[in-house]
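Consider the single chain below, provided in structure tokens and representing the form predicted alone.
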């Protein structure tokens, strides 16, 4: 049986380098997943960094190496393309790959940096009959699917509240000393928070409004960062979510504390636990939460292999991915809702948003680098 020919654009960490991490579960990259799946083979790679491109070719046995993704799309007959580049390039590369006739695309998160870009991507892949998968990899996690199954079965009662956070050591956006922003797309809420937002919709459904606040902090002499984003999101199901995405930590944390009327589930990178209501051992007439074993999923699935298998299934059946462009657009819309609310000094904003341009850029262009800590 002929294999699906895959090309990878952007040969950095998530493309292949993370396979060098001995502590991670493997495969943990696009290249690792293509190699692990029998139906796929990597035939081409592209990166603007020559040294990284050469290393990629040597490690994965790829001879067709390009510095220009357009030439790769023109000269290689590819079935699947992975896009593992910065977020500000996702739209243009996705559109080019779809128009080149690629059957399936696995694009890194976030889908794009504005709803305008996301809409162009979705319109193009639909017009070109290309299956688009966004790598919100928890969509293929056995533990997250088990948690949703427990919620749907009423194990923790009616879902009411989700407290979610992604906390890390990096900052969202760094300003040059001449007051020009660099890495504008790399806000904490956009970079890692997109996973958080995607999981909120995975558990709670469609959002209908958001409120947000952003903290701008002086990091070093002449350098400023938007360090903290707080948000409250309400869902049509009645569920409320509180969200924090922050840098400046000496650790990384990603978790969702999912609370129902009769129990609670804690799930994240370092957490997997469940509590259910029981008679209090300390007070008469009281009920408290008592920890219970989190039921093990019947099968543990590798999340990167899951993404590759999903795009193959989509190509073969014509169906949409469980992590398709519209799902990823919704995660981006929630992020933009928080920033749009912050731009309006904490006003409640309705979702779907009427503003499709990036409120993040509006905040930056309006206020510039602050002289001291400022809440927007």
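Numbering follows the first chain given and starts at 1. These numbers come from a predicted model, not from an experiment.
This next part talks about the form predicted in complex with a small molecule, which is not shown.
Contact with the small molecule in the predicted complex, judged by any heavy atom within 4.5 Å, is made by just one of 168, 306, 260, 87: 87. Taking a 4.5 Å heavy atom cutoff to the small molecule in the predicted complex, the contact residue among 348, 26, 52, 313 is 52.
Of the candidate stretches 97 to 105, 129 to 137, 273 to 281, 142 to 150, only 129 to 137 has residues with heavy atoms within 4.5 Å of the small molecule in the predicted complex. Residue contact check for residue 69: one or more of its heavy atoms lie within 4.5 Å of the small molecule in the predicted complex. Within this chain, residue 47 lines the site of the small molecule in the predicted complex, having a heavy atom no more than 4.5 Å away. Contact annotation for residue 11: at least one heavy atom lies within 4.5 Å of the small molecule in the predicted complex.
Using a 4.5 Å cutoff between non-hydrogen atoms, residue 195 counts as a contact of the small molecule in the predicted complex.
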